[in-house]
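A lone chain, given as structure tokens: the form predicted alone.
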Amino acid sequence: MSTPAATPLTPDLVHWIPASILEPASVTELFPQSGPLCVDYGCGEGAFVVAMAKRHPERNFLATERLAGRVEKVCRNAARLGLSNLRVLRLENLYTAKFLLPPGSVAVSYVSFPDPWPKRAHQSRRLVQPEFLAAVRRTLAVGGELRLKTDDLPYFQWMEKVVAEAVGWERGDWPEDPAEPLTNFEARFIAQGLPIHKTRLLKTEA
């Protein structure tokens, strides 16, 4: 008796549309294989998360993005590469962390080059706020980590202030890995010789 052929991976399968956004999702059901869950908040055009999913088939990746065109692009690329360990969600980052992801379900969260909203009147729109840090911490397993990157020094100083006032985190060294994939923004900034500011936070028991 022949074995049924596996369902081909299509962009529609990569694009995750939860049955409900009013209750925590069962993220383990999203992926055909078990493994640590990594979340890329605001994945943009997906260069980083697609490369990470390809490099680490033993991990599962969830990427969030608000813009429909970017979501479609990431889904097409993931399907073309057969990345069954990647799903893309079109939903606000704070809502995803605060309400959709189950507590303790995430191993690593990434926030890479979020919009700096440089005007003082717009700084309340910045992603890295006390409420977002608390929401991400809720989703992480103990010992899980949040990695923050930006090229914008004023925004990094803002991040440092928010982190200093947050509870339940400790700083960790950022492991240098020359082969780690870059976001499109990061590659552009490095090519221009611009510094990259980053910090790695570990969830503690507190």
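All residue numbers are counted from 1 along the displayed sequence. Please read these numbers as outputs of a predicted model, since none were measured by experiment.
Only in words, not in the display: the form predicted in complex with a small molecule, which the text now covers.
A.B. asks: Please tell me which of 79, 107, 91, 135 lies within 4.5 Å of the small molecule in the predicted complex, judged by heavy atoms.
C.D. replies: Looking at the other structure, the residue within range turns out to be 91.
A.B. asks: Of the options 167, 67, 153, 142, which one has a non-hydrogen atom that comes within 4.5 Å of the small molecule in the predicted complex?
C.D. replies: Contact with the small molecule in the predicted complex is made by 67 alone.
A.B. asks: Considering the small molecule in the predicted complex, find the one stretch among 22 to 30, 52 to 60, 153 to 161, 36 to 44 with heavy atoms no farther than 4.5 Å from it.
C.D. replies: Of the options, only 36 to 44 has residues within 4.5 Å of the partner.
A.B. asks: Give a yes/no on whether residue 115 approaches the small molecule to within 4.5 Å in the predicted complex, heavy atoms considered.
C.D. replies: Contact with the small molecule, yes.
A.B. asks: With the partner left out of view, is residue 16 within 4.5 angstroms of the small molecule in the predicted complex by any non-hydrogen atom?
C.D. replies: Looking in the predicted complex, residue contacts with the small molecule do not include residue 16, since no heavy atom lies within 4.5 Å.
A.B. asks: Can you tell me if residue 184 lies within 4.5 angstroms of the small molecule in the predicted complex, counting non-hydrogen atoms only?
C.D. replies: Answer yes; at least one heavy atom of residue 184 falls within 4.5 Å of the small molecule in the predicted complex.
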